[in-house]
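One chain is shown next in structure tokens, namely the form predicted alone.
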């Protein structure tokens, strides 16, 4: 299965071209660092591009103050990783290991230079992306989660970080590593905690706080007017972000959970064009996000829109969950759908502590070596079953209907039926959940044999139903009787993606009549930009 980036350990090192270095010099300031002087600290913004002329810069272990790796960055190399594109923060400190001279370019100037010189941009992004992959694989980060297996809030953060490709270290309660990390913060390594840097404990941690620490929670200037606001960061929204940036439109994409949408929860997508060995939804959408950022599109998460109104000057005003506003000339609704919450007692109590709505590596780790149940008969449920059966003791797939044929791709259903670690239960529904601080058992009823059983369960994965995310829309945006957005001929518009309100468009799964597939969502998000471009240019003051 393909990953989102190259393997840094086998990448051939290539220095920047002389012409690229000359272009950097024109906008750079030369700076010197003495041996042992820190170049960046944990939490510093990636506000400048650093190119090394002489000497070297090494990664530093926050706890031992020793070099983190045996090798270091030297002349012709540059500092940073993918967070530079969005102005994120450093999660590992760096210092000069000898007298060092560098060229430093303000981030905005460097992004402008990369936009003008595509070859330079490609080179830098390839290296940054590979470094992010290494950080994830080696857990190179000063973001430390202690006791995610025991604390449901920390599980949510681990899941958010995993889906967002945020590197972090996960330590078990009471482990020697946890004790070392805890001691530097005057806390016990046997207590669940989230630590950033050497000694900063994040109280009452949430994904939003993590996003703010790392620069993902974009602070929007209320005076800035975007050409297009894309609400929803799934395949349709990210594709719209790519094409909006490529067409020179100023765009921002926001999502209330993490970039990737429902597709981001898919552990392996094998029927998407161009990936014959498959790719995870999170990796696929990460590639799209990087591509969009390259063209200047901004992203913000986890942020949600509370309300949408139109100003008398024609601009749209989207009120965000922190009561700030985003102003835009046009809106793309790409909020997709969400799995339905089952009408079960104690469901909310166990959400994040045994009940999950995604089956990524993070969730798979939490229920390893235990029996798990997946509810659903669609592709997402099938992909989850094939993924989880590698680490779970056994996977039970509960399907309400009598077959998989109407809702699952043939290649996937054939694999499930042939997999000994997966049992498919037709006409089966969950009736009750049991446990203390986490889910322990599940009672279900099988309609085929009219039996009711209770089994031990380390994880219940709910992947059924498709409730559209449209509650935030104003009343004049027309919906069908199921809550999906009406577009095109249904609201007497000329194009397939126009809603009942001029300037507001809908794409992807949230649109009534859409085909619920990743490829079709990407297509709609790409095509709608031609209509946005025409609308924006026809209505500019």
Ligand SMILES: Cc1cc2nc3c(=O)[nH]c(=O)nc-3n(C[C@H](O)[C@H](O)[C@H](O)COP(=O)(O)OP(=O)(O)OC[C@H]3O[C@@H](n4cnc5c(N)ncnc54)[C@H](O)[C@@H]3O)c2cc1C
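Residue numbers count along the first chain shown, from 1. The shown structure was predicted, so the numbers you read here are calculated from the model rather than taken from an experiment.
Keep in mind the form predicted in complex with the ligand is missing from the figure; the text below concerns it.
Contact annotation: residue 241 falls outside 4.5 Å of the ligand in the model of the complex, judged by heavy atom distances. Looking at residue 303, you'd find a heavy atom of it within 4.5 angstroms of the ligand in the model of the complex. Taking non-hydrogen atoms only, residue 81 never approaches the ligand to within 4.5 angstroms in the model of the complex. Contact annotation for residue 484: none of its heavy atoms lies within 4.5 Å of the ligand in the model of the complex. Looking at 432-440, 173-181, 226-234, 121-129, the stretch with residues near the ligand in the model of the complex, meaning non-hydrogen atoms within 4.5 angstroms, turns out to be 226-234.
For the options 263, 166, 195, 367, the one in contact with the ligand in the model of the complex, meaning a heavy atom within 4.5 Å, is 263. The single contact residue among 35, 31, 45, 516, judged by any heavy atom lying within 4.5 Å of the ligand in the model of the complex, is 516. Contacts between 444-471 and the ligand, taken as any heavy atom within 4.5 Å in the model of the complex, involve only 469.
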